[in-house]
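Listed next as structure tokens: two forms of one protein chain, kept apart as structure 1 and structure 2.
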Structure 1
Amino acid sequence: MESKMSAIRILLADDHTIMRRGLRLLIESQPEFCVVAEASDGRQAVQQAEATMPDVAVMDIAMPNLSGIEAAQRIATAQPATAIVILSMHSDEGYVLRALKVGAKGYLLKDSAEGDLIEAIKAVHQGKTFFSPEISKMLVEDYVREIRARGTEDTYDLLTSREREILQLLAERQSNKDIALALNISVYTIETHRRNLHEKLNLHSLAELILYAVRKGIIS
């Protein structure tokens, strides 16, 4: 009974019954995981999340009635404590950025879900971000290609040691308050560093900052 009480409670949303069944078997092979609800479309996922308050929601990006992206946004807004992992067939940066912008913490390619899902659930439950290794590799390669094509300096070199430290903590989704406590500086100072980071790196949101950190290999 005690282990179930402390289990990571998971909502599983996918419109393909076979896929959902396979993922459930994989998840429940872990004694510390417990699937508390399933959904076959986005609207049902939002309802189930509200009813069961899961720790983690694992959601297909392409679902009927309400897309996984829209459902993720509603869940993240209503229940910020629920960490969201998006499952997708798409590996291009636009999809990853959209997922991060609506509040997802993990992004997995469906064909690698079997190997990565357990690790992804553990990571997002701890407040970290997680991407399929193929996604991280693609983002890094794209970035290197872009730098070479432009022939410009690497913007990362413009950052101070403190800014690099704060960049990593922000990319790991730590709050300004938590970072201020960890580094023993004021929240106001963190906000100033944060503004400087966005200006130096030409980034406009936390989602873009997280993607940048993945491309640079700062977080995986």
Structure 2
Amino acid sequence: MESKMSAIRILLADDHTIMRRGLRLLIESQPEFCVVAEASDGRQAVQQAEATMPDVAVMDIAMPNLSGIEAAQRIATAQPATAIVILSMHSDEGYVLRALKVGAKGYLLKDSAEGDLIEAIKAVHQGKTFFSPEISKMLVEDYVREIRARGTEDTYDLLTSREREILQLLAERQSNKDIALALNISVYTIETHRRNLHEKLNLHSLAELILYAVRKGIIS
């Protein structure tokens, strides 16, 4: 019998022959990987994907005839079983976003460590996602940015750090119970803090607190 499970079948799409060569060598340095098709533009990529039904498609984002993104979209739609890894020189939000929206499971920068490509292929083949550290960082930062507190003036200065913390959680629409659990303190204590917030800010409902938080840039 076979000593290993069947190899991961890979489609490689990049308009630069040299790049493709390099990638192929890199990929096939792993015994469990097998490049079953190559394409030098988007349209070919879609055709090859149909013909060979690869497990993973590794594609450049910038290709003639049909862009990598569009090709990715068609492949993702027609063959959901094929996981797509985008290889790109760009770390712009726009590119990443579009790639994710069309269903790419991984996004790698071309200057990644070579090990990352190996990792990425394995990851997406297991249904996970994989991103270059820079991309990952960007995703996280974007996520956090929305909610991060900054503004410090007038009444806000009156608040203790605990109160600010609770204000933020309230603004994130967490209930007293949620907050109590998260901070590992009693619901009653949250009530007290809330009352102090009401008093210090001269606001007397959750709605007002949330609007205050919006104005302060604590949320959205």
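All residue numbers here follow the sequence of structure 1, with the first residue given the number 1. In this text, rigid core is short for the largest set of C-alphas that superpose within 1.5 Å between two forms. What you are looking at is a predicted structure, and each value in this text was computed from that prediction instead of being measured.
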item	value
Number of the structure representing the form predicted alone	1
C-alpha of residue 21 off by 2 Å or more between structure 1 and structure 2 on rigid core	no
After fitting the core, residue 44 CA displacement of 2 Å or more between structure 1 and structure 2	no
Core-aligned CA displacement of residue 167 at least 2 Å between structure 1 and structure 2	yes
Shift in Å of the C-alpha at residue 193 between structure 1 and structure 2 after core superposition	27.7
